[in-house]
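Before any questions on binding or motion, here is one chain by itself as structure tokens, the form predicted alone.
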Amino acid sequence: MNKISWGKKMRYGLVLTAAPLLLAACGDGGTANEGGGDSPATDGDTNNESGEEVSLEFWSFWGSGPRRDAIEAIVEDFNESHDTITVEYVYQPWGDIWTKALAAIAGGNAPDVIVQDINSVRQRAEGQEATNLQSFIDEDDISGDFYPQLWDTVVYEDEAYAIPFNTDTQVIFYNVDALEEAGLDPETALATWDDIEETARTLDEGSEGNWETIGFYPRWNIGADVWALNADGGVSWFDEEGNVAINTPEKVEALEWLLEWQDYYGTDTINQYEAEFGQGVADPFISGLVAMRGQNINYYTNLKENAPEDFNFGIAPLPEFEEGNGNWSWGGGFVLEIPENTAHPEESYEFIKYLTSPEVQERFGLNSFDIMANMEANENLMTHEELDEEGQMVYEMAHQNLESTVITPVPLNAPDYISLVNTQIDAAFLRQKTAQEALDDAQESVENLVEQYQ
């Protein structure tokens, strides 16, 4: 993957405003006609040939800010362009939406369309909680419109049970001025793990217990699982054949590397700084107390709202474990599903098709800085006239970073494996186990779990 890093002065005067956003979850948006030009062409109520009026209920957790504004405007435009289908948008709080959905499906009163987690589609398909959409998709031939790794997540037994909506990717944000003052070139200073460690030491100011500036700490907002797959050539805790791959030599080395960072800065300092991230102008990256940090790419919206006008930042891929290994990253995201046994699957699919069309995806992304699942939408956003140069480059970075971004659907034969792995990793960071011991124990626990499900 080509390395990309940019350092541009923040410029304002953009038509958008933005607030700090959580991982493709909550946000802020525009009015009915902003953020993507004209509404996408539709063929009306093509899936409602009877002419009967149909009301659909659509659930998501976008309850404030740009995402809620954008989705409400998009729903309004859909309703205006369809004579016999009306969609009601229903906000459900983050954390509650999926438990409520399970109860609603069991009770026979599920919403017609719902935003669901991308990594658990197969569980819902196997549990007969989601409608099989393959017959609709065969008519439209839309699978090639989406990033391939996103589409793979919605397929269960060769048939699709959802449509991808948005995703994310982990990158490095860095203070351009800090690197320049130290005579460092981001292209080489952030290239590999050794390079970024050397760069961090150059930018560090202070000493243990009295740090003034921290160059970089890899576990702020990027978990050990991401660094493990980055080290292991994009292989997560399960390999492509579905084998448990937790205690590989590369992943053990990754965990040892993270433990060395923790020892270097000290847990008290790490926890103190971590508590300040996302706190507006007090955010340690914005205030200059941290020179580089990993984050989801739409951390850009936080910088846009809170950083001073002359704040000079750049974005680069995660460094390679070693040269030639690849800038592997991780992404999550969300899909659109039709719960099983809803009354109007054809009309619901018509609405989903609208939400995942290039024009509507572009419009949503313009307001949220989410990476949209539709490839054409992201490509358009890279040159969108309503985005300033920084915004366009954020989308260019995201689009290119997805070439090395891994999505990790939960295996059907190990639905609870993550807690087993995290328990052992926590033990390592508490210095109760070595990295090797922790990952060996995690390997054994997850293998036992897989055996139980078989």
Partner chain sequence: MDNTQQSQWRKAMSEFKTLKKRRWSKRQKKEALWGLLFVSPFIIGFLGFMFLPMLFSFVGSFTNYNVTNRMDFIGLNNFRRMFTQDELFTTSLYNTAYYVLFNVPLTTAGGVFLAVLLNRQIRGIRVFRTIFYLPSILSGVAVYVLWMQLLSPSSGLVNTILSWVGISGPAWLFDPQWTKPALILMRMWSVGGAMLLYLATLQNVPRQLYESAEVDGAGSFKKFLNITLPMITPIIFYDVVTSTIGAFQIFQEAYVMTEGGTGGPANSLLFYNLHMWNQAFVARNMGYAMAMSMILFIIVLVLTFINLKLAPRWVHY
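Numbering follows the first chain given and starts at 1. Computed from a predicted model, the values in this text were never measured in an experiment.
We do not show the form predicted together with the partner chain, though everything after this point is about it.
Q: Report yes if all three of 123, 272 and 448 come within 4.5 Å of the partner chain in the model of the complex by some heavy atom, otherwise no.
A: Result yes, every residue of the spot touches the partner chain.
Q: Do residue 144 and the partner chain share at least one heavy atom pair within 4.5 Å in the model of the complex?
A: No, residue 144 is distant from the partner.
Q: Can any non-hydrogen atom of residue 383 be found within 4.5 angstroms of the partner chain in the model of the complex?
A: Residue 383: no contact with the partner chain in the model of the complex.
Q: With a 4.5 Å heavy atom cut-off, would you call residue 52 a contact of the partner chain in the model of the complex?
A: The answer is no: residue 52 has no heavy atom within 4.5 Å of the partner chain.
Q: Flag residue 64 as yes or no: does it have a non-hydrogen atom within 4.5 angstroms of any non-hydrogen atom of the partner chain in the model of the complex?
A: Output for residue 64 is no: heavy atoms all beyond 4.5 Å of the partner chain.
Q: Determine which one of 53-61, 390-398, 66-74, 410-418 lies within 4.5 Å of the partner chain in the model of the complex, judging by heavy atom distances; exactly one does.
A: Among the listed stretches, the partner-contacting one is 410-418.
Q: 135, 128, 86, 243: which sits within 4.5 Å of the partner chain in the model of the complex by any heavy atom?
A: Only one option qualifies, and that one is 128.
Q: Which one of 106, 90, 182, 343 is close to the partner chain in the model of the complex, taking close to mean a heavy atom within 4.5 Å?
A: Only one listed residue qualifies here, and that residue is 106.
Q: Pick out the residues of 86-115 whose heavy atoms come within 4.5 Å of the partner chain in the model of the complex.
A: Stretch hits, in order: 95, 99, 102, 105, 106.
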